[in-house]
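Let's start with one chain on its own, the form predicted on its own, as structure tokens.
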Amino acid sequence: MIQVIRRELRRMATQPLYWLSMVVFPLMATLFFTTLMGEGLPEQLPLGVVDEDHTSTSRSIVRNLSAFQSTATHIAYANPTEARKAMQRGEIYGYYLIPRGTSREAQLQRVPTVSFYTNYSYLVAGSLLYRDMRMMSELASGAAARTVLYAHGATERMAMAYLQPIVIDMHATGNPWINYNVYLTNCLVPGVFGIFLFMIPIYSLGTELKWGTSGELLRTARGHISHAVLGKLLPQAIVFLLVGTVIVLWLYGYLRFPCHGGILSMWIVMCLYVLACMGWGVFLFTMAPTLRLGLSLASLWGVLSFSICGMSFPVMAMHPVLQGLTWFFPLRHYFILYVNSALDGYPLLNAWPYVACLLCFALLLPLCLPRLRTVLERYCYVA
């Protein structure tokens, strides 16, 4: 087995693709995503305003809308057509329309209508601006109704009881800052990392078939398939574990992302994730024992992980068949353990079924050894 390890180290040293895929690209992806969303939330998104009313009330609405953190209402348009064309050109993400006579209609209690339009082709920007414009509309409506109630002799307490009979006290747990960097990076970075974890074991085994060196590998291992496979994967696993450690220290040590369960627990989760992905990658190679098909299957599995892990769409709202398939994606279990440990601060035993699933992925390797022996001894490379 030591001879196989030395042989694999020589292969890794002479092929830059190993180090690019195992070290450079995962760390570059980590740096890219954490700096891309370094501000936490997008701020000063361009928003157009069409003020046809030109009154003190409409100007107050525009000023208050500009006070929102994510909105920058510094673009005024003469009519809705100009604003719509600007939104179609991508100059603004939405516009707010205050029709002529809005203030007068509000004073006469005739229920004026204001309109706002957002471009949901840009999901994050459109959602943030929609939230701000809707909140501003509700505040303006409440202010107008409060003025009318005051005119009828109502006290402030009576007016507020009528306008807001139920006060909502919201507390966002886990990520109270609504920081997109915390929300997205903790899944995007492991997801990208997992793609390389799938592909490198497949590449190392597949190139043995492609270059016709599988017989040499088995002779070096003296016919022991377990020594051959473990000798090949052990150096890769050590490098991946070191890279995973750097990622954990960067996210929870340097950037100070929420980690209520402690960095040690997230390091354990990362180690389990690394071993699980590598074990699943070997399993995928046994199912498609060619370099081209194996890499294609691994990349497909890695990309699907982002959609099915529950980060962007809740698993409980998926089709029952897809809910069952989520158990076959290591990123799903990593995501649940991240929420359990880093955000909620519970011990890993609180989510032991997901820990057991990651261990099962890693333990697929011994089950694949008989099939791998057959592949390495008898299969010929097909381009």
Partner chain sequence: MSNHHKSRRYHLINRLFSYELRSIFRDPAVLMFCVFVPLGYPLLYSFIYNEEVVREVPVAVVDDNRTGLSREFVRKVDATADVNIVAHCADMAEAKALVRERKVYGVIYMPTDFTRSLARGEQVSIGAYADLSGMLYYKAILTAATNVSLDLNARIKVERMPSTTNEQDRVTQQPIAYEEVSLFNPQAGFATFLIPAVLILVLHQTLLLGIGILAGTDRDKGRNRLLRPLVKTPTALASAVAVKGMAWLLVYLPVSVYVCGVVPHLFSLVQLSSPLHMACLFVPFLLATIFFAITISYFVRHREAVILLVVFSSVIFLFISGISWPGSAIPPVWKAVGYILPSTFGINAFIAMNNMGASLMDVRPSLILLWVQAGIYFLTACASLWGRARETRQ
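Quick caveat, the model's predicted, so the values are computed rather than measured. Residue numbers count along the first chain shown, from 1. By rigid core we mean the largest C-alpha set that fits within 1.5 Å across both forms.
Note that the form predicted in complex with the partner chain isn't included here; everything after this is about it.
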- What is the one choice in 355, 37, 62, 50 with a heavy atom within 4.5 Å of the partner chain in the predicted complex? 37
- Item | Heavy atom within 4.5 Å of the partner chain in the predicted complex - residue from 81, 155, 164, 226 | 164
- Want to guess which of 214-222, 241-249, 268-276, 138-146 is within 4.5 Å of the partner chain in the predicted complex, heavy atoms only? 138-146
- Could you confirm whether residue 68 comes within 4.5 Å of the partner chain in the predicted complex, counting heavy atoms only? no
- Task: Please run the contact check for residue 324 against the partner chain in the predicted complex: heavy atoms, 4.5 angstroms, yes or no?
- Result: no
- Message: Can you work out whether residue 151 and the partner chain are in contact in the predicted complex, taking contact to mean some heavy atom pair no more than 4.5 Å apart?
- Response: no
- Query: For residue 124, is any heavy atom within 4.5 Å of the partner chain in the predicted complex, or not?
  - Reply: yes
- Relative to the partner chain in the predicted complex, which residues of 316-334 have a heavy atom no more than 4.5 Å away? 316, 317, 318, 319, 322
- Query: Aligning on the rigid core, do we see the C-alpha of residue 144 shift 2 angstroms or more between this form and the one not shown?
  - Reply: yes
